[in-house]
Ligand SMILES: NC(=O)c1ccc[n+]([C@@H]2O[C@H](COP(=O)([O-])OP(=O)(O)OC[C@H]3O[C@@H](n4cnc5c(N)ncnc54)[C@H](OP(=O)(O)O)[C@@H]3O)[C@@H](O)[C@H]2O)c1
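Heads up, the chain below is alone and in the form predicted on its own; it's given as structure tokens.
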């Protein structure tokens, strides 16, 4: 991708939350290198510092947005360092793997506090800083539209996130609120805490339901595509990108790992 494709990011004031790993990290690096003024936020300070070194810039703020005081401190840092915002990108996500019958109250609270309430808290705090045509981009999951065993509670929280973002869009016209459905990507921190036994069981179940694909997407590729799309939309304030879906183009696989349909090269 040429630098000209990202020209609208030059000088843009950007906040990325969940910036320390995966898609959020790759997006942050690309935005800084494109000339954006970026505040990089995540819980892990050491990861943020290595990110800032990799990107060659950016302002790192360690914050856990499930804590009201951390969220307020992040908003204040954005106000002090950027003065306002043209773009927020939320890559926040927590995902325990539990059968729905085994998902306890503490799991539900953690999921909704992380995946929904923290995003809403951030947007409330940042609202006075958002320009009238600013963009807010929140990453969601393909599992919202394709439910699967083991991550039902996670999918439920992401469905709530999508409805919340839609409500923000309706109540704040001119500002542009986008949800991004992201398919399976690897490597990421998603599932880092999954127990091996239940993960193996669930993967076999997903394959039997036609919910596993031959190849996963690379987070860097996902971030590059997202960066290009967001940059294009950012420079065209008369257009709102309401929803974007990014999924691997490969076929679903059977229990042996073979594609259920031949690829174009094989047909």
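Positions refer to the first chain, counted from 1. The structure displayed is predicted, hence computed values, not measured ones.
Omitted here: the form predicted in complex with this ligand. The next part is about that form.
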*Of 87, 78, 165, 91, which one comes within 4.5 Å of this ligand in the model of the complex, counting heavy atoms only?*
91
*asked:* If the cut-off is 4.5 angstroms on heavy atoms, which of these, 152, 145, 183, 120, is the one near this ligand in the model of the complex?
replied: 183
*So which of 234-242, 197-205, 43-51, 27-35 is the stretch with heavy atoms within 4.5 Å of this ligand in the model of the complex?*
43-51
*Using a 4.5 Å heavy atom cut-off, state whether residue 213 contacts this ligand in the model of the complex.*
no
*Does residue 63 make contact with this ligand in the model of the complex, using a 4.5 Å heavy atom cut-off?*
yes
*Contact between residue 189 and this ligand in the model of the complex at 4.5 Å, heavy atoms?*
yes
*With the partner left out of view, is residue 156 within 4.5 angstroms of this ligand in the model of the complex by any non-hydrogen atom?*
no
